[in-house]
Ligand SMILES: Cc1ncc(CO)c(N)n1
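Okay, here we've got a single chain as structure tokens, the form predicted alone, with questions on binding and movement later.
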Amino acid sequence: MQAKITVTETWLRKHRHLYDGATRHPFIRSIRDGNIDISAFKTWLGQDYIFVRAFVPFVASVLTKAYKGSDDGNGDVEVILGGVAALHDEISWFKKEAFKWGAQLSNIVPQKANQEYCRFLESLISPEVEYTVAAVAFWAIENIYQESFAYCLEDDSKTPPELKETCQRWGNESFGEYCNSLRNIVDRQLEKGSDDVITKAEATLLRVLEHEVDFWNMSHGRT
């Protein structure tokens, strides 16, 4: 029997151009090709540190929505709780990495693309936003990083040795499995979602993709 095409697979096929723009952005390609401007990397490092701090309350809100809106038997809460716990280590990693590169995180001012992305996250925290919609955003954000940095670890990549740890952080197989778990949650929710919720969830995916491209553009020195 032929496997059923999931909603997320349908979306990724439908919006492949935009998805590739987020996961194969020139900033990511410059890491993979070994010609990244280190100043661009430092820009990304500082801005992403600010973003991750804003990401924490968003993920906490997804956890709350999962507790209220998911079937306990599917283990949604446990999967998302693992993501919440990992963010503590992630913030510590950013601080350690910034020290290594001589970046002062306390002096960094969020740029416009970052401010707009953080405002978007904050809008999803609202109790009026359905669990399915918030879960789509959560999965998309994590999955884009996984695919982007895994691309920089392929056998034919020329990623600089000093950036391999960064790429391993999100590009490793374990993180990929975690992203697949999030995707399974999303597809289960979409399977039983109303047309209205599915429409809003797809629009949210597109917003995430647009914000990710803008974030890479900002890091890459583009407007």
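What you are looking at is a predicted structure, and each value in this text was computed from that prediction instead of being measured. Sequential numbering from 1, following the sequence displayed.
The form predicted together with the ligand is left out here; the points below concern that form.
- The chain is drawn here without the ligand; in the model of the complex, the stretch among 126 to 134, 74 to 82, 141 to 149, 96 to 104 whose residues come within 4.5 Å of it by any heavy atom is 141 to 149.
- By the criterion of a heavy atom within 4.5 Å, residue 215 is counted among the residues contacting the ligand in the model of the complex.
- By the criterion of a heavy atom within 4.5 Å, residue 63 is excluded from the residues contacting the ligand in the model of the complex.
- By the criterion of a heavy atom within 4.5 Å, residue 55 is counted among the residues contacting the ligand in the model of the complex.
- Residue 27 falls outside the set of residues with a heavy atom inside 4.5 Å of the ligand in the model of the complex.
- Residue 170 is the only one in 167 to 182 with at least one heavy atom within 4.5 Å of the ligand in the model of the complex.
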